[in-house]
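For reference, the chain that follows is the form predicted on its own, supplied as structure tokens.
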Amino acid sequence: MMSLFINLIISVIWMLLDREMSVLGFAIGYVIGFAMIWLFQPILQSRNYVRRVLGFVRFMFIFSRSFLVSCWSIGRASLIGSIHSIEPRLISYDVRGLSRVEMFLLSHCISLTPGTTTVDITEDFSTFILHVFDTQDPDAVRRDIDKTLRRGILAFTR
């Protein structure tokens, strides 16, 4: 937590030293502050902070890629493919072992990705019910969510 505070202080100072206060100036200050914290990890004892920030950045790239691939596949299936070849399904997805915050993030990332929607969650908070636009293999959808979204979220939350 101290590393985040130091990084934010460096960001604000950088932004204030710039000619114009802007979000870009704050972002540049944040990157400079993060680089300084990364360089002085042993002194500041900030390994966990650095790992989480890098995990979040990786997750944003993973989510962006997943989003674009889903947009492409939905567009291709709905515009080029035959309407009779589309197989929408309701599938279950096991979320045991995740905290409530991780479940919240995962459900929203699933719903933001075109072609999948989190429809419901069981009363014991162990399973999501997902609607998938087009799939012949529900296990492939589960593996893809595990490999991309779930792994990415766990990289910065734990």
Partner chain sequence: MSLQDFLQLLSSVMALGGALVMLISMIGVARFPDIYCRAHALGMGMTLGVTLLLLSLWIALGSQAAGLKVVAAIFFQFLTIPVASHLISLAAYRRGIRRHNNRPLDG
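Numbering follows the first chain given and starts at 1. Note that this is a predicted model, so its numbers are computed, not measured.
The form predicted together with the partner chain exists for this protein as well; it is not shown, and the discussion that follows is about that form.
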- Task: Look at the stretches 123-131, 52-60, 95-103, 38-46 and give the one with heavy atoms within 4.5 Å of the partner chain in the predicted complex.
- Result: 123-131
- Residue contact check: residue 116 to the partner chain in the predicted complex, 4.5 Å heavy atom: yes
- Query: Does the 4.5 Å heavy atom contact test between residue 27 and the partner chain in the predicted complex come out positive?
  - Reply: no
- Item | Interface membership of residue 31, the partner chain in the predicted complex, 4.5 Å heavy atom rule | no
- Query: Is residue 140 a contact residue for the partner chain in the predicted complex, using a 4.5 Å heavy atom cut-off?
  - Reply: no
- Task: For the stretch 93-112, return the residues whose heavy atoms include at least one within 4.5 Å of the partner chain in the predicted complex, in the order they occur.
- Result: 108, 111, 112
